[in-house]
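Before any questions on how it binds or moves, here is one chain, the form predicted alone, in structure tokens.
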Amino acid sequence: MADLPERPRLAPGVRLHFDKTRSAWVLLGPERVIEAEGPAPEILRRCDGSRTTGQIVDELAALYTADRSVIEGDVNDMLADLVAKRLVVA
């Protein structure tokens, strides 16, 4: 698994955008469009470089009134995938 950034942020040239045509949130990167499904947009909106991964998890656990350990696993898995794809950086 890729090392997770302490304060994740979208990589340069990557942005979260609501695509009206698809009626969905998408992550736009160089030559890439990835549809952000489920809670992914909430996670990505918080990847601004100011919040720690722990703060993101805490906010989402409160937002969804869900078990923190479940949210933490989901956030860590998603961030690891996006770090490996170079869409999220430290």
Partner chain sequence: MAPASPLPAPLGLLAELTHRCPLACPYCSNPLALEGRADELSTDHWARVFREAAEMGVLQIHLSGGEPASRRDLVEIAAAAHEAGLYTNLITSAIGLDAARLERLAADGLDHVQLSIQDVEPDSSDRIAGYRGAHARKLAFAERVVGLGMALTINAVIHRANIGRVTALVELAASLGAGRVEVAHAQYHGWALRNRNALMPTREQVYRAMDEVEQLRPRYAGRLAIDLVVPDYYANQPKPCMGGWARRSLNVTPSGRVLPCHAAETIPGLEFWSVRDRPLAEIWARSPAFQAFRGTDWMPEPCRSCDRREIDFGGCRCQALALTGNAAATDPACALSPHHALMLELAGQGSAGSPTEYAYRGRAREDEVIPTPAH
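Numbering follows the first chain given and starts at 1. The shown structure was predicted, so the numbers you read here are calculated from the model rather than taken from an experiment.
Another form, the form predicted in complex with its partner chain, is not on view; read the next lines as being about it.
Colleague: At 4.5 Å between heavy atoms, is D19 in contact with its partner chain in the model of the complex?
Modeller: Yes, D19 lies within 4.5 Å of its partner chain in the model of the complex.
Colleague: Given that its partner chain is not shown alongside this chain, does V33 nevertheless sit within 4.5 Å of it in the model of the complex, heavy atom to heavy atom?
Modeller: Taking the distances in the model of the complex, the answer for V33 is yes, it comes within 4.5 Å of its partner chain.
Colleague: Looking at the partner-bound form in the model of the complex, is G13 within 4.5 Å of its partner chain by any heavy atom?
Modeller: Yes, G13 is a contact residue.
Colleague: Give a yes or no for P41: in the model of the complex, does one of its heavy atoms lie within 4.5 Å of a heavy atom belonging to its partner chain?
Modeller: No - in the model of the complex, heavy atoms of P41 and its partner chain never come within 4.5 Å of each other.
Colleague: Heavy atoms within 4.5 Å of its partner chain in the model of the complex is the criterion; list the residues of 73 to 90 that meet it.
Modeller: Heavy-atom contacts within 4.5 Å come from V83, A84, K85, R86.
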